Ligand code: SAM
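Below you will find one chain, with nothing else, as structure tokens; this is the form predicted alone, and questions on how it binds or moves follow later.
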Amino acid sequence: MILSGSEHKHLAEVLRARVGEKVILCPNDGRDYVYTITSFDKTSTTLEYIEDYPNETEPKFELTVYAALLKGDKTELAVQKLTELGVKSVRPFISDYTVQKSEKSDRLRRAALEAAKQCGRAIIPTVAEPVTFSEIIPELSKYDAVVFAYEGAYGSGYTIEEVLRKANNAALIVGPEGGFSEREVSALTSRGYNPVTLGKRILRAETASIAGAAVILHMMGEWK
């Protein structure tokens, strides 16, 4: 096998690999492929196949995070950390209080790819094109559980544990810096998606998505 382009540069210039070293390639099919480096030149790396086996890092519980677009590089940060935690996919959306109305999806997908390589995942989470809040509503019916994180739920909302009971997959919904509008809260609660509290403290939006995903995956046995 011959690697070229960015993967060759990463191996040769960033990792500073040498001839004779073993490397593991993950072509996004759930398996790890072990190769030996046989040679380098300026534009490519030549590899010799040794073996392959199932990657054991992928969570069995499938979690999709619906995350409102955030200002600056905060959405990219969230995608990076959610990938490390083990989410299946990230679905950015634009809500009533979203300040940043667009995002370069290629940049977010690159963040997911780089994080997946760094943490040894076998599957790169999908990062969809941003959609409107209204467009995510019809998608929620396909999940066993919907964790609607809402700061107004403390003291009266459900806990994550109550919502996740007997679920095999779930969606986590987190709003932007300004939270959800009353219209959006009503749109979710009227369809039976009860608001969930993330505790006494109000978290920043990027923290809420990362912390929420970590709690869900822990509760579903993915940190054993």
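Predicted model, so just to flag it, every value in this text is computed and none were measured. Residue positions are given as counts along the sequence shown, with the first one as 1.
The following text describes the form predicted together with S-adenosylmethionine (SAM), which does not appear among the structures shown.
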item	value
Answer range among 161 to 169, 23 to 31, 177 to 185, 38 to 46 for contact with S-adenosylmethionine (SAM), defined in the model of the complex as heavy atoms within 4.5 Å	177 to 185
Residue 151, heavy atom within 4.5 angstroms of S-adenosylmethionine (SAM) in the model of the complex	yes
Residue 203: touches S-adenosylmethionine (SAM) in the model of the complex, heavy atom cutoff 4.5 angstroms	yes
Distance check, residue 194 to S-adenosylmethionine (SAM) in the model of the complex, heavy atom within 4.5 Å	no
Close approach of residue 63 to S-adenosylmethionine (SAM) in the model of the complex, 4.5 Å, heavy atom	no
